[in-house]
Structures are given as structure tokens and as C-alpha cells.
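Next up: a single chain in C-alpha cells, the form predicted on its own.
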Amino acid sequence: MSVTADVLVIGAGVLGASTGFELARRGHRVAVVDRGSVSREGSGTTAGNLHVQAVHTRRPGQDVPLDARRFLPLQKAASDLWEAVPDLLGIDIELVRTGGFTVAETAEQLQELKLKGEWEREFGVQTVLMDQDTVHDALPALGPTVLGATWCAEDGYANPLLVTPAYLNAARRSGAQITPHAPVTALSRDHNGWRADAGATQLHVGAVVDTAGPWLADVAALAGVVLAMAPLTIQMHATTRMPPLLRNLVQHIGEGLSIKQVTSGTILIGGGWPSGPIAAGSRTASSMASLMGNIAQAVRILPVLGQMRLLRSWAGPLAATPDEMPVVGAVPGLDDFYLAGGTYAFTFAPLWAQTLADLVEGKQPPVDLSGLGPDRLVIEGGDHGQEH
């Protein structure tokens, strides 16, 4: 089957779904393809947090700290866009602004909280620094090791199992063609655009957007672009359902930790703890060492969790860059080949969707992309898409 479109979006996770929707609602003919079932990989296994205040700079096992200050204007812009998402999609995606605490357990971590507060004020993110007595009064369930925290009323989450399908359905209503189980096996130059082989379909498109998540570099390689990226897996844990206990998101400034109770009553524990290697064609196994470390950490911060039963644990793949920062923009030398992915993709989804759509249309993106482009990841030696 042959299909002609203005833009091909490769990957139907949250970034591909939101980008496909944004392009389609602007009137572009859009084809979105995915190698498997939609929202099954990273987008279906994420915690769904909306991080507005500055995040911790390292997850467990991470070699290079991310630039938390550089993140802040992006987090603020994404947060503002999330407010409109439920109305745009016409469905309840369980978007809630619970507010969030970022806690500290050492004097050094308290200094980090103070520094991040200065950054947040610089970029218009409203946070409040709390000492030990104040934060324990606000959240009595906290353990005695917590010495202070920052509070941000805008922190929250959405249900990732609802968000991606809602974006895809809205994209389809706007005219986009969505094709799961159609892995892209070839990309080549075709007259004024690209030819792509995706499953049983041959597509002729003017531009390509690579949002393939952990397989971002694999797709780019089909176009002759070699990227310095390597996917990894992180894991999450969930308790059995409990009566209302935790109203807010709880994170840690110095260690990988996020805890929240979702609308179903389940308490989700995560924070970027690593799992095993990505397993081709099957689900990646959880790491028992990471499970025990993450649970022990969570119980230390919220001792009441020690009384609960763990229901399940799962791992999900993540697109990782060497500098732990997102990547978004056009590939140098290929002005019609764009990509987006990397750290905190769920938080940034509506922002990267608008950014990619603006870039495709030749417009100025809504945020400064300095230092985030794919140029920093390109390894010389690719053929940049041979003419077909």
C-alpha cells in the first residue's frame, strides 16, 4: 500500500501522539506509525509526573548530572501548556495539580534546595522553602530523617495510560492516519522528501519526525544519521489500593525518588532506579537490587509505606542522552528530518509537540532550544539519507 502525506511521525508514544495531533490540527496530512502496540513501551510505563519545580540532578546509577537550572524554563512552559490539554483532547486524562514536596535529608541537600529556589524565582516557578518543623506540620507522615523541603503547588501528574491514547484519538479525528505494528525498515530520499517502508506500507512524505523513544537512534540511523544515544530501562513499583493517605507528590532533591497516590488508591513509587538491559521482543525484567533500594528509600521518607503490600513492579525503556538532557530539533544537513526525545519526555510532551510543529512549519519555536539540538549527538560518518 502506498500513502502520501506531508509529515511522517515515527513512534506513537506520548511524543509522537502529541506531535501527530498538533500537526494534524494545524491542517497537515499526517501519518503516525509505530513498531508495535501504541503506548506499550516508555509512554505506557512512566509515572506520568508533571515536574514543575526543579528536579534532582541524578537518578541512581547515572554518571552525569543533568542541568536542572536549564530545565526550569522548559518545565514552566510545558506546565502552562498542560492546562489546556484536557479541553483540547476532549477527555478527562486525570490531570491533577496535587502540589509537590521536594525533600532533603542532609545539610548539603538543604543548600541544594536553597539554590534551586533562587533558580525557580528567576524563571517564575513559585516554590516555598520549608524548615523541618514546617514541612512535618504540612505532611506529618514524613519520616524523621527529612530536614526540610520545598513546596510547589503546581506539581502534579496525569494518567499516562489515558494521555497517549487520547492524543492519538484526537489526532485521528483531525485527519491523521495512525498505523501500529508497522516498524520502519527503510528511509531514503525521494524527490523533494522521503520514502519510508513501514510494515506493509510505503510512504512518500515531505518531512520525517523521529519520536521513537528508546529507538530514536535506530530510526535516525535509517536516514544515515548516527547519534550518540543508548536506551536504558528504569522501573516503577505499585502498592495495593489504600484509603486516601497521600495527597501530594513527594520527591527527593538528592536521590531518585517519586511517590504519589493516584486516583485508584494505589501508591506509585519510582524515581529512575535502573532495571536490566532492554530485552528485544519481550518485557524487560525488574532489578531486585533496585526494587529493594527504591522501596527502602521510600519507607525511610514515608515510614507508613512499610505497612503496605507491594502489588507489582515493572520496567520501562527510556531514551537517554550522554548529557542527560532532552534532544529536540532538526538534524544538521537534513532540514526536513526532525527528532525529539530524552529525559522527562512525558512532562515535556505538549511543549515538544508544539516545538516540532513550529519547526516543520518554519516558525520560531516557543522556547529557546540552545544546547538541546541533535547536533551535539551526531557522530560524523553517516550518509544522511541516500537518494532513492
Partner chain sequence: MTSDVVIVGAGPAGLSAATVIAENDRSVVVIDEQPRPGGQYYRQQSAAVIATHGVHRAEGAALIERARRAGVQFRSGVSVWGVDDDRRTLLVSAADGTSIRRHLAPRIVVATGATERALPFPGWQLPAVTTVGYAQHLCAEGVRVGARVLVAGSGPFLLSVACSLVGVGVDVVAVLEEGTPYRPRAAGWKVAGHPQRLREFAAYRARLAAARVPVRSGRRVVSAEETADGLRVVEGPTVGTGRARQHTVDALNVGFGFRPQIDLLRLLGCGTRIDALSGDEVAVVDVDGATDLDGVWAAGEVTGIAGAPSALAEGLVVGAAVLRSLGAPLPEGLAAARRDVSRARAFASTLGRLYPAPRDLAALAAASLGDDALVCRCESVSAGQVRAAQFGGTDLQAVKAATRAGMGLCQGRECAPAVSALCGSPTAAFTVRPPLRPILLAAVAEHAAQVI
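Every value quoted in this text rests on a predicted model; they were computed, and no experiment measured them. Residue numbers count along the first chain shown, from 1.
A second form of this protein, the form predicted in complex with the partner chain, is not displayed here; the remarks below concern that form.
Proximity to the partner chain in the predicted complex, defined as a heavy atom within 4.5 Å, holds among Leu168, Leu203, Leu89, Leu318 only for Leu168. Only one of the listed residues (Thr145, Thr240, Thr185, Thr134) places a non-hydrogen atom within 4.5 angstroms of the partner chain in the predicted complex, and that residue is Thr240. No member of the trio Leu113, Gly117 and Val128 reaches the partner chain in the predicted complex with any non-hydrogen atom inside 4.5 Å. Stretch-level contact analysis of 100-108, 310-318, 188-196, 212-220 against the partner chain in the predicted complex, using heavy atoms and a 4.5 Å limit, identifies 310-318.
The partner chain is not drawn, but in the predicted complex it has no heavy atom within 4.5 Å of Gly175. Using a 4.5 angstroms limit between non-hydrogen atoms, Ala77 is distant from the partner chain in the predicted complex. Among residues of the shown chain, Gly306 is one whose heavy atoms approach the partner chain to within 4.5 Å in the predicted complex. Contact annotation: Met292 falls within 4.5 Å of the partner chain in the predicted complex, judged by heavy atom distances. For the partner-free chain shown, Ser264, Thr266, Ile269 of 249-276 come within 4.5 angstroms of the partner chain in the predicted complex, judged by any non-hydrogen atom.
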